[in-house]
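Heads up, the chain below is alone and in the form predicted on its own; it's given as structure tokens.
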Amino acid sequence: MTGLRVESVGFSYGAKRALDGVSFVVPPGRFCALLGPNGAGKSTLFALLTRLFTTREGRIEVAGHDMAGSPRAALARIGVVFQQPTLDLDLTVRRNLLYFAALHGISGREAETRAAAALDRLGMAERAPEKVRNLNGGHRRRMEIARALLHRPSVLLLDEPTVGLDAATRAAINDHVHRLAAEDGLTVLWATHLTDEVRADDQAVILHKGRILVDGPAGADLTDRFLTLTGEMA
């Protein structure tokens, strides 16, 4: 079964073309980096993948479910970490997770078990009783990843998840997510403009001005190719 399939997707803001014929496939267990400079169309694509926006142009399929025809089934298979934090700062880490679990119809002992397992996997177990506002940026991001995994999705979407974090924290979170793909078989789409977050054997999709320029193995020369294709300055 395909993890994530995007076929000929297009979207416009009035006369401005944001996405034009975007197509790529990410199989289960694959870490795919969606690369592009600011304004490339990454955020618009994420809005379509999470159904914040809809379009009649093209098709999006999540774990075998068509986003337009079966939106609830498709969205149920997605875990999302947005660029902007969406945590309740006045609740504890545990309460944030249990609240999110309840939104997915998970409660009682099952919710507690899943929350504990997700936090443990991300090295956050000891933070469960702390209020979110007392966590640093890296721990908040790890918590958001743990939250996104509570309902056991097939596809994990992360939109610029390391913005504002220091290099060591960025690397640690990136390592965690790579392991989720390799060990749990998650389909991962990691949107970024930072080529150092991408490994040579990752899938790389380079988006520029709403169009796909590259879709394939990242390779050792990704940074040079990215700068050349997008005209970005090193």
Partner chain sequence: MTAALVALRAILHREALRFLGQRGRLVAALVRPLVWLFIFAAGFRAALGLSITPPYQTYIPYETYVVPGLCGMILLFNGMQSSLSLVYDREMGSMRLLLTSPLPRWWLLLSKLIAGAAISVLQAYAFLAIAFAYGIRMTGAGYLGALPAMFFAALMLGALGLMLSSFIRQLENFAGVMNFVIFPMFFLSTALYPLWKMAEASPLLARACAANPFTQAVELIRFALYRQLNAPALGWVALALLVFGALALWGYDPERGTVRRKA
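Numbering follows the first chain given and starts at 1. Small disclaimer: the values here were computed from a predicted structure and weren't measured.
From this point on, the text means the form predicted in complex with the partner chain, which you will not see here.
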Answer among 160-168, 95-103, 134-142, 119-127 for heavy atoms within 4.5 Å of the partner chain in the predicted complex: the stretch 95-103
Close approach of residue 110 to the partner chain in the predicted complex, 4.5 Å, heavy atom
no
Report whether the minimum heavy atom distance between residue 51 and the partner chain in the predicted complex is within 4.5 Å.
yes
With a cut-off of 4.5 Å between heavy atoms, is residue 114 one of the residues that contacts the partner chain in the predicted complex?
no
So in the predicted complex, does residue 11 come within 4.5 Å of the partner chain, heavy atom to heavy atom?
yes
